[in-house]
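Take a look at this single chain in structure tokens; it is the form predicted alone.
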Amino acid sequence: MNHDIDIKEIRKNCFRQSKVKGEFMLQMRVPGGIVAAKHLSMVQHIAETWGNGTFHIGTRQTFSLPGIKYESIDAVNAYIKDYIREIEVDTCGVDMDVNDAGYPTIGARNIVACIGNSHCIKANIDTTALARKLESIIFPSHYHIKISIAGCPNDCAKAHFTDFGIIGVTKTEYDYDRCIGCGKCVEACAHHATRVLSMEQAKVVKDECCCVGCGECVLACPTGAWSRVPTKFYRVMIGGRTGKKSPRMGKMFLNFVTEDVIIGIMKNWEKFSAEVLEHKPVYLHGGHLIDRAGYHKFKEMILDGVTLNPEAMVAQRIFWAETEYRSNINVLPVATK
């Protein structure tokens, strides 16, 4: 076996190093977390032919196949060519050459998404459709970015802990005449959301300032007095990350923006990354890039040429709060017998 393996190059090919020398794990991209069930037979074939017979559903919704020997990588890459073409090019519209060399980069990570309104009654948006549109913008690229899309403010997709977290929100309309004053929406808002609804003279009053756009009132209303407006809206969280040194929850950057705004800012991400990194695409969390540039520079560049819809809200400043594991904690000695 050739022991001079270029780990960094193999990693760009979407193979991750194992604790076992000469073994790797293939991370097959599943944009938006949904693919046709027929592809499971392909996953099984790879696992049983070149891997160790198992596969892991990665935390970023990849098909992760461990136990692949270095010598088998070329064969695996050739085998997944049709899958890459169908998923990346045919489904997501990614502009890339597909050949026997496999994935061209691991830079732009697999976009994570909850199942969205294709199934979930709480979801405000089609998460998978948006994920596939954004994949055609960010992939392939050697500049790293992690995106997570949640269908509603419940945030099952953990959008608060990624470079760009996109959350589906809604504007609601209230039909005064259909309301019977039952108070179900008020109860739902108090229990699930931010208590912006109240009853006055047997009708509902809403405090617009603190509505999070969840749509729980729509689900709770028995008469259809509450409804979602047709336009889809989104909230954008930025700079969230996990990690052993300074994890932090993302902060709200945009609120009640339309899909055109989301697409516009994503088209500016690579340009922003390249400038901050001096055109050297090293692995670095998006939050760190924002920290390097400063929020106001980030905001200027990421919104360049983007037309905001009338309802859009933009954070004027952001104050980060990190968990510092390096802080001066008074460590007590372990008691001994």
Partner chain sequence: MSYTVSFERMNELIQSLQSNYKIFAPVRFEKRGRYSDTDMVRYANISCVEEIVHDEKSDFSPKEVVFPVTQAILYFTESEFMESRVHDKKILIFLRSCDIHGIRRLDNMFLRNGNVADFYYKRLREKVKFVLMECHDGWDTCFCVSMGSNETSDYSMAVRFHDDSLEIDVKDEEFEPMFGKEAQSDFTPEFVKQNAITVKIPDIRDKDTLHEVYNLPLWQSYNSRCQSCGACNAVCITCSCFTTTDVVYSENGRMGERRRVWASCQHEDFTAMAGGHRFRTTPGERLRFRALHKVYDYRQRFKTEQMCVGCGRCDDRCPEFISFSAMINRLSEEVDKLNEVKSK
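Owing to the predicted nature of the structure, the values given are computational and were not obtained by experimental measurement. Residue numbers count along the first chain shown, from 1.
The form predicted together with its partner chain is left out here; the points below concern that form.
For T242, no non-hydrogen atom is located within 4.5 Å of its partner chain in the predicted complex, even though that partner is not displayed.
Mapping the unseen interface onto this chain, E208 falls outside it, with no heavy atom inside 4.5 Å of its partner chain in the predicted complex. Shown alone here, I180 lies within 4.5 Å of its partner chain in the predicted complex, counting heavy atoms only. For the chain shown alone, E173 is a contact residue for its partner chain in the predicted complex, at least one non-hydrogen atom being within 4.5 angstroms. The putative spot formed by K133, K267 and A315 is not touched by its partner chain in the predicted complex; no residue has a non-hydrogen atom within 4.5 angstroms of it. Of the listed positions (N154, N117, T105, N255), a single one reaches within 4.5 angstroms of its partner chain by any non-hydrogen atom in the predicted complex, namely N117. The listed set T194, N77, S227, T91 contains one residue whose heavy atoms approach its partner chain in the predicted complex to within 4.5 Å, identified as S227.
The chain is drawn here without its partner chain; in the predicted complex, the stretch among 122-130, 105-113, 160-168, 256-264 whose residues come within 4.5 Å of it by any heavy atom is 122-130. Annotation for 19-40: no interface residues with its partner chain in the predicted complex [heavy atom within 4.5 Å].
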